[in-house]
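Heads up, the chain below is alone and in the form predicted alone; it's given as structure tokens.
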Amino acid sequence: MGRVLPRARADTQTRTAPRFSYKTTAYLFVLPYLIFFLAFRLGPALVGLGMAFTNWRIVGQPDWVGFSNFEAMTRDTRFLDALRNTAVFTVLTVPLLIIVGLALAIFMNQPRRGRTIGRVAVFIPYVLMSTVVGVLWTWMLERDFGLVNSYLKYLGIAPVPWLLNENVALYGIILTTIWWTVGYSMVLFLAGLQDIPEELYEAARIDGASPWALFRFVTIPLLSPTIFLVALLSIINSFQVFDQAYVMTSGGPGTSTLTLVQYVYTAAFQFSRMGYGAAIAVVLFVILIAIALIQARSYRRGLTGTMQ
């Protein structure tokens, strides 16, 4: 009996050791990202939140001003222009990304020759750097020698001053963004389409369903989670638009293409108003959180109504 007890104790230690080692290994794998998140994400976000209530010009000590920065936004015409431009950009871009991305996904999902090459061709622009896209489309939208106006001239349409007219410049940014990012939407829709069982389509065809009925009553309902995801990501990315607008127009002509993120950069680093720039970033964060919560609630209500 004296020899059995140590063995049982050793067996217990052997059984518990791997569990402790497994948890430790898991935490060690998470630790690098956690450090990165705290140092470069959560930490700066909290600092920026505190900075939004101060008046700080990069050098010297920040002065506490309370809600003065937020009150100043209501009188700042540049901020109101940036907010309006960002909202218009989002309202026009997101539906197009969903519609065009879904149409491309349906087309590329058909059993045709060369569809792999087609998928790659549509997705390639998404991996390009934003500066490359901005420079490329600045040339393509050039009024006199740009590729887009050359095609319009061939069709008998007068050249459009895409980036020179304040009434048209934002549409040039929208066109560039759709070309650049629609491939990502297409890939997400392709993944959703390929998860729909083919048996559902076959059963609907046997019942005499037309192609439109298949799309309306089979594809769209089963793609609703993907549509929600694409819409949410597109809205978030659209409200954070910066690169292409900054490279192509720098917010001009006037303030016709000035966006919220660009105004954060302008206020903080060009006008040295770090507190005011941080306040604009806080407003943008609140807007994005509100949109995400509204979308999530609407999606849950839609699911509940469908189940009932």
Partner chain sequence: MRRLLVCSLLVVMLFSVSLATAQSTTIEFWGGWTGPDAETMQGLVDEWNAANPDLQVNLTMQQWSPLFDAFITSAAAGDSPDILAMHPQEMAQFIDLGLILPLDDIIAGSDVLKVENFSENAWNLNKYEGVQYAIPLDLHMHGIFYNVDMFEAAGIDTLPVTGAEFVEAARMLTLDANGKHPGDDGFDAANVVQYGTSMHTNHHAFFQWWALYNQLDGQFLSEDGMQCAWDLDKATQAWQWLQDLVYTHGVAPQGQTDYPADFLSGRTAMLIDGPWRMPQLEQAQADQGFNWGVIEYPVVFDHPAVWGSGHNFTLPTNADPAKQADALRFLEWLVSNSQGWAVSGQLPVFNSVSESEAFLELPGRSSFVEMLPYEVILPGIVKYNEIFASNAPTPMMVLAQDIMLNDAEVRPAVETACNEITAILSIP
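Residue numbers count along the first chain shown, from 1. Because the structure is a prediction, the values reported are computed rather than measured.
There is another form of this protein, the form predicted together with the partner chain, and it is not shown here; the text below is about that form.
Of the candidate stretches 199-207, 91-99, 212-220, 164-172, only 164-172 contains residues with a heavy atom within 4.5 Å of the partner chain in the predicted complex. At the 4.5 Å threshold, heavy atoms of Phe70 stay clear of the partner chain in the predicted complex, well away from it. Using a 4.5 angstroms limit between non-hydrogen atoms, Thr266 touches the partner chain in the predicted complex.
Interface membership of Gly252, defined by any non-hydrogen atom within 4.5 Å of the partner chain in the predicted complex, is confirmed. The closest heavy atom approach of Arg84 to the partner chain in the predicted complex falls outside 4.5 Å. Looking at 191-215, no residue comes within 4.5 Å of the partner chain in the predicted complex, counting any heavy atom.
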